[in-house]
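Take a look at this single chain, the form predicted on its own, given in structure tokens.
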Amino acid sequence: MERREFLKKILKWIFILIGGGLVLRLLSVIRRKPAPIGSIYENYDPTEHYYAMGIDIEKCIGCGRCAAACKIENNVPKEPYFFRTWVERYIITVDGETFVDSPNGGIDGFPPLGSEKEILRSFFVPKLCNHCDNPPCVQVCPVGATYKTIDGVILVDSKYCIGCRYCIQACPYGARFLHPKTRTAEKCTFCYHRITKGLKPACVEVCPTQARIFGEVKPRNNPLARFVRMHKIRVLKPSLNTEPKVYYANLDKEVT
């Protein structure tokens, strides 16, 4: 009997703890509800926008200006393993082997290729958060710190983030990192502080070849819509059904 009573007490406390955790999570999500439009956007109406980005692989020269500008604009740590956006170089040999490198995110350039006889082709691929329409990072966040805005941008509220890394693990594109000082998750925001003022993201602004195109998903009279119409578009890891909103033109099948 004593053993039975002891087990009952243990189960009772387990239920209390689990129930309390669920209540706290529910309260945090409720607190995470967006404020009225006017209080956070001033003269900007997010209901009139829905953003995405296009990237033309053939135009990217691997200069790394996008990654450098992103670090400056968003105060990203200077260490060579913290990036909101970066550039990868893909090298495909005549034997069918594929090699990928991205020294310091491409900011300092890339080393020489070596013997050109062994290389079938090489190209550069800028990468960033894909601002998915079906974002797994939002689904796994236990406190609602990662959320999707009305205008289709995935953001992280650092005031709510507890640094659990769930979103970092859930992102299939490796586009998140834990800030070494704040210990909260960080990622590309499409430079949300700029686009809500009618400006372009920093990476788009500095691209010398206009390899990056930023704009609206739905209206047909904007640069991104024309880019989508005029190119064969692919997205990264389409089988995951995350519905990414970074559209690539001339993307090689070797890119993942």
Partner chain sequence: MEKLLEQLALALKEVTGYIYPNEIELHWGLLIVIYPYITGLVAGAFILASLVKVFNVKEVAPTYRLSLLTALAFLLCAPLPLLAHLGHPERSFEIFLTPHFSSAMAMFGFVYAWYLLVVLLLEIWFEYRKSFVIWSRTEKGLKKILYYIFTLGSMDISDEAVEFDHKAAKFITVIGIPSAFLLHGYVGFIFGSVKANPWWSSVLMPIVFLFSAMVSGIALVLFLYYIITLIRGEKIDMKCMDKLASYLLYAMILDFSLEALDFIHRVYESEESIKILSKLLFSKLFVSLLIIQVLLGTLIPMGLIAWTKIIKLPSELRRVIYFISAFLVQVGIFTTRWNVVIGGQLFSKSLKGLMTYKVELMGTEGLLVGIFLLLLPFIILYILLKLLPPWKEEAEPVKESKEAHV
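Positions refer to the first chain, counted from 1. Since the model is a prediction, treat every value here as computed from it, not as a measurement.
What follows is about the form predicted in complex with its partner chain, which we do not show.
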Would residue 233 count as touching its partner chain in the model of the complex under a 4.5 Å heavy atom rule?
-> no
Hey, in the model of the complex, does residue 88 get a heavy atom within 4.5 angstroms of its partner chain?
-> yes
Report whether the minimum heavy atom distance between residue 152 and its partner chain in the model of the complex is within 4.5 Å.
-> no
Those residues of 159-174 which, in the model of the complex, come within 4.5 Å of its partner chain by heavy atom | 159, 160, 161, 162, 163, 164, 165, 166, 168, 169, 170, 171, 172, 173, 174
